[in-house]
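Before any questions on binding or motion, here is one chain by itself as C-alpha cells, the form predicted on its own.
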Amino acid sequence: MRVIVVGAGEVGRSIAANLESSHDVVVVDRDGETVEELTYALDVLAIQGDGTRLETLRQAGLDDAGLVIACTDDDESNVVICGAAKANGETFTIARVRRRTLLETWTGSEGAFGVDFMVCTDLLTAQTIFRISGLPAAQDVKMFAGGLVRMAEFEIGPNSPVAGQTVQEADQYDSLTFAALFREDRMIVATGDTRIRADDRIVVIGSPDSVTGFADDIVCTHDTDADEVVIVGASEVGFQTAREFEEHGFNPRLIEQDHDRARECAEALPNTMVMENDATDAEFLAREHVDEADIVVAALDGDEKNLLVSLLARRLGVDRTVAVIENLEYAELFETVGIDVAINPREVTAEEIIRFTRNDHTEKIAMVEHDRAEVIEIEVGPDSVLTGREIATATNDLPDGVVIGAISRGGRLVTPRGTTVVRPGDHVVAFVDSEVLDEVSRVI
C-alpha cells in the first residue's frame, strides 16, 4: 500500500521508519534539509513541498495512495491535508491534532473535515500518564481486548522480592504471563528458568487484577493508590491530565505560574485545586506539602523545566515522578538521573497511528522499549498458524521472540498454557520482537 506521510517531525519519522519495510512510503516536508536527510536515513521517497497543496499531494502519488497521514505540528494544516486527500478519492485519512476541542468537534459531527481517524496528542498523553500512575513501578501500561487484558512494563528495584527469583518462582498469579525482560541493551524472552535481576525491566501480560497484584508485590507495599496527585504546569497536557484524574474520582492539585491560565483552569476544573505559583520555588512546595504527594507530574513547556521540577520533587521526598518530554533522546537521561517515567507525546501518537497501517486482523499495538518490540492484539482467522492447534505445538512454527501473552474468547480471558487450543475468532495478545514482526504478522 502506498502511504503518504505529511510532516517529518518525530511522529512522521517514527511512522515512516515503522512502515518502510512493508509499504511504499512517501514523506512530504517543507524543510529541504530534513528531506535530504530522510532520503539517506530511510527507505522512503522524500519530497520537499507544502502538503496542504493538492499539487504536492499528487506529486507524492495521491491517486494511488491507500492512506494519508497528516502529522505536521499545525492542527489546521493537518485537517486541510486530510480534506484535500479525501476530496480526491477514497483514501483513508488520519490527522494528528493537539487541541481536544478539534477532536470533540470531529467526534460530534461523525467524521467531519474529511478525516477518517483523528488522534489527539495531548489527550493520549494525559491518558497514558493516568494509566501509568495507577501502577507502582510501572514504566508503561496498555489495555487490550476492550480492557480484559493489561500489558505493563516494570522496573525491578534492588529490594524487590522477585529480584533473584526465576520466572517460575515469581509466577504466583492465576492469569499472568511473563513475556520478556530488558537487561541493559539486551532483550530476553522469558522462560521458566530465566532469573530476574535488580534493574531489569520486565514485561507482563494478563488480567488487570493479576497485573495490579504483581505491581503491589514487587514494590513491597499495600498502599499503592496515588491519592495525592500534583501536576506542575497547566500546559494542554497538564490540563488534560488534571481532567483525566478528575474524571476518575481524584482531586488533584495543579500548579501554574501564569495568572490568566491559572484562573482559566480553576474555572474549568471544579475538582482540582489550582495553585498560582512558581513550581521551582522550594519554599512554596514545602509550604504546600508537595513532599507528601504520591506522584508529581511535570508537564511544563520545556524539557529542562520538567527535569528541574522532577528532580526538586524527588529531593523533597515525593514517591514517584512522571515527566513529559518533547525530545525523545532525553528519555534515557531523565530515567538515569532518577525520574521514574519519561513520556514523549509524539511517541504515544505514532503508536496510535501505526495501528491503522497493519493488516486487517491487528486490533491494537503497543510499542515496547522505543519500538524494540511490540505487544499486538490480533483476531485469529481460520488460516492462522495458531488456529486449531495447541500453543506448544503451534509456536514451533513461529520465529524466536514471540510470546503468546493472553487470549480473549467471547469476552472471557483465557490464560494461555502449552495445551491451550486457539480457536478462530480468538483475540490473541502477543509479545513480538520487532525484528520478526513482519514474519509473525503474515502467519499468525
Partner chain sequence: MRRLHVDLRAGLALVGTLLALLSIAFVVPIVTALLYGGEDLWVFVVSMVATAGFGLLLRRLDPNPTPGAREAFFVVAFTWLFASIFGALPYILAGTGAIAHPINALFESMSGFTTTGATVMETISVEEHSHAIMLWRQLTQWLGGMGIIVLAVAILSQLAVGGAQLMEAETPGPGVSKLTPHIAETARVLWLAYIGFTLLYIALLYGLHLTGYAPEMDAYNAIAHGFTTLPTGGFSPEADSMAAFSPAVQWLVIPFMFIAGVNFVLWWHMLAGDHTALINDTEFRFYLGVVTGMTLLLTAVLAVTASDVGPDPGLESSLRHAAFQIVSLTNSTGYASVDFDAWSGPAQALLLFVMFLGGSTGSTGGGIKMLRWLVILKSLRREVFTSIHPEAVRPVRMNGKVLNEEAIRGIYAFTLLYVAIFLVGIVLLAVDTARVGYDIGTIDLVSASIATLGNIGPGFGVVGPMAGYGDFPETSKLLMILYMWIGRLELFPVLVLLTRAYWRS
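All of these numbers come straight from a predicted model, not from anything done at the bench. Positions refer to the first chain, counted from 1.
Below, we refer to the form predicted together with the partner chain, which is not included among the displayed structures.
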item	value
Glu288 within 4.5 Å of the partner chain in the predicted complex, heavy atoms	yes
4.5 angstroms heavy atom contact with the partner chain in the predicted complex for Pro270	yes
The partner chain contact at Arg263 in the predicted complex, heavy atom, 4.5 Å	yes
Any non-hydrogen atom of Glu276 within 4.5 angstroms of the partner chain in the predicted complex	yes
Option from 295-303, 150-158, 277-285, 320-328 whose residues, in the predicted complex, bring a heavy atom within 4.5 Å of the partner chain	277-285
